[in-house]
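Single chain ahead, written as structure tokens, the form predicted alone.
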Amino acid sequence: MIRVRDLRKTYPTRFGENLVLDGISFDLDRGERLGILGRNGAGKSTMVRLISGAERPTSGSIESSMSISWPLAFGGAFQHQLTGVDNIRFISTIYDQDFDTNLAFVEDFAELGPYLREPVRTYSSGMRARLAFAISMIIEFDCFLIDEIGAVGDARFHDRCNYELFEKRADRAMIIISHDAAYVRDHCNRWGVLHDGKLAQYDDFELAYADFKELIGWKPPPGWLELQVSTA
């Protein structure tokens, strides 16, 4: 289980402290998938980084009896001066994994070709994300943190990611943040809305999505209602 209690995070700015997360608390058990909705800048990625250990909270606590991944589609854990192959070797050593087996999997999954033997600093953001996802799949974490993985790669790559995560690892805990509400709806069994530093939690996606749209002041574009009626 992951236990998050009264989590707060502030960042200093020239105008004073910027409060991003304000007293967030929740539990997450194995097999639960928590989807987080929130507008840009709401603190979704910050929350994921705190849970992963990439950053420290200003106050509050995060306790876990499960192993937790780094944020998928996040390349910050890489040594950018090293090649993709050297990063695979480094992570394989840390987690006591077989390097040759891991290299073969990443070569096949990430489909980076000769770039896998080039320094990661030369990669595009999409290439780094593909490498990060592939490397994440060679480590059998109990909880996966998924940060906008739906924005990485083409439809075929999305299908492979979804198979690895949601079919092969259906028993794992997950925290998923995405701008794609349908992705969060389809792959989660719990939902949260992060707004003004607070996290409201829901067991029903439609309630969560309705509150999210109201909080951000979403209004349907012209002709939207007619389109819904015509396609119903």
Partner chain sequence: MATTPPQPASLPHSLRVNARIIGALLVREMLTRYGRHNIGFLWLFVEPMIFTIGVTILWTATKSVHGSDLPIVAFALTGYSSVLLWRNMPGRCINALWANLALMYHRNIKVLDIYAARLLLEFGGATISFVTLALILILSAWLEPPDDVLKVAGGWLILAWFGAALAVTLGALSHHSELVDKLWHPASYLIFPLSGAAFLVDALPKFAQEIVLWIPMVHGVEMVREGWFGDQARAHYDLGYVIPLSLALTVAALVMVRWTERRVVPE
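Here the structure is a predicted model, which is why all the values come from computation and not from measurement. Positions refer to the first chain, counted from 1. Whichever C-alpha set is largest while still superposing within 1.5 Å between the two forms counts as the rigid core.
The form predicted together with its partner chain is left out here; the points below concern that form.
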query	finding
Proximity to its partner chain in the predicted bound form, single hit among D29, E55, D180, D186 (heavy atom within 4.5 Å)	E55
Option touching its partner chain, based on a heavy atom within 4.5 Å in the predicted bound form, out of E111, D159, E140, D86	D86
Full three-residue contact with its partner chain in the predicted bound form, heavy atom 4.5 Å, for M127, F205 and Y209	no
One stretch from 165-173, 35-43, 60-68, 189-197 that, in the predicted bound form, holds residues within 4.5 Å of its partner chain by heavy atom	60-68
Its partner chain contact at Q79 in the predicted bound form, heavy atom, 4.5 Å	yes
I91 within 4.5 Å of its partner chain in the predicted bound form, heavy atoms	yes
4.5 Å heavy atom contact, D96 to its partner chain in the predicted bound form	yes
Exercise: Y11 in contact with its partner chain in the predicted bound form, heavy atom 4.5 Å	yes
Stretch 22-50 - residues with a heavy atom within 4.5 Å of its partner chain in the predicted bound form	R49
Rigid core superposition, D159 Cα moves 2 angstroms or more between this form and the one not shown	no
Rigid core superposition, A132 Cα moves 2 angstroms or more between this form and the one not shown	yes
Post core alignment: N102 C-alpha displaced by 2 Å or more between this form and the one not shown	no
